[in-house]
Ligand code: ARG
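In the block that follows, a single chain appears as structure tokens, in the form predicted alone.
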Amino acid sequence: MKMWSGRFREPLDPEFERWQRSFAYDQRLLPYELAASRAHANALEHAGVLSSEELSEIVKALGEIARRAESDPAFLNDPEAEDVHHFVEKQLAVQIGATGYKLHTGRSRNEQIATDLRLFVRDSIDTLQNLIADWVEAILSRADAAGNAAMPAYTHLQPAEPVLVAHWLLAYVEMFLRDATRLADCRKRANLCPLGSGAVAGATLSLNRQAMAAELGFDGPTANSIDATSDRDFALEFVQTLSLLALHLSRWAGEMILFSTPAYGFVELPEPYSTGSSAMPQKKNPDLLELVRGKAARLMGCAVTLETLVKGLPLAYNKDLQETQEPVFNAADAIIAMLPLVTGFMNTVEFNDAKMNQAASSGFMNAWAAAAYLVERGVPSRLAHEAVGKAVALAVERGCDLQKLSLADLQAIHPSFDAGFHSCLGLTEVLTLHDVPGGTAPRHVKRALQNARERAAALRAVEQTATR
């Protein structure tokens, strides 16, 4: 029996009936549908709609549905169920007869799907926070192991200044910790319970919404029934945050690909996460990294799909909202599958410290340090920049580094160059020069590593608290 068929005299077109069903994909919401149904059943018993015996029958039947779904995948092969809500009602009727139909008293599928999706998003965020903590800790482990190894930092893809390898890796840690805080914020806004909102105007019974919310671990009930049944901001915010997380993963992957090329040689691709060529025997291709970049596009597409679906949609519930489910599922699945793989990659990738250090010590990347040397001696910054630029041009002409220019050559450019100039150009001296919080001076990077470890540990602590 359909959940809505009383008003109709003609059957649905068979093709349309099959086409409009969502059970093929929303059956994954079954655990949340069952949990929300138990909370609603308890509220119905408290409101006097169900007897204690009927409540016991319904709760037992809901548990049996969960058990069968877990133990027998064929149990979910129901060609008649429109959606997960219809499936549960059908199974209740099979098990306990007319009492099963009592469960839908005072509620609507509009509030049910809004509740189920919020529970799914909340659960996914809790899973993701743990995976992000694993990922961040893998990066921190490599940063710690890098010690005082240095590498070039780039602007415009041109060598700019030397930095510690740990400082470079910590830049990614900052990105992913920001993603984690965005997910935590999204969870707070999603963690309100639509149950009791009815179809649009609120339940027709005096249901204890606070009790239902508390039973499901929500912070409280939603404030407005119209908004509650039509709101998908939480889903949109969730997928937008995942798309930004994927974007950061894509930037990391792109840079690792670049640094693994022979032109750089900073990274040796780990074989467990690479593949070869069917034609060229010598190839080792960065397939994991390339797929991370590619899947980021899919995640961004999920966010655009949700934005487009909701744009201009009148209040309250519209069937269009059924189409919001698959982008949410797809985005969550993609990131949850991706994070353990990039974590494994980061744990096994090899960095060529010698080549990175050599690249950090050449290419005039000490030029700003040279200008800073003149500034310390009272030369205005712009004039110091000009003088060092001329020194670089002379060194290029002679095919040497700044360190190889004689004092006489330097003083011919500017009289403030003196005998101490050459000693400020070494890699250690240049790194130490950036002695500000957030800079690459070793003492600040050491502090930044400790701070990042504490924040990653706090992230895991928050995840554990949320899932209790």
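Numbering starts at 1 and follows the sequence shown. The structure presented is a predicted model; accordingly, all values stated were derived computationally and were not measured.
Absent from the display: the form predicted together with the ligand. The rest refers to it.
Only one segment in the set 167 to 175, 153 to 161, 316 to 324, 377 to 385 has residues whose heavy atoms sit within 4.5 Å of the ligand in the predicted bound form; it is 316 to 324. This chain lacks the partner; the member of S124, N110, T222, S260 within 4.5 angstroms of the ligand in the predicted bound form by a non-hydrogen atom is N110. For D231, no non-hydrogen atom is located within 4.5 Å of the ligand in the predicted bound form, even though that partner is not displayed. In the predicted bound form, the ligand lies within 4.5 Å of some heavy atom of H85. If you take 17 to 33 and check each residue for a heavy atom within 4.5 Å of the ligand in the predicted bound form, you get S22, D26, in sequence order.
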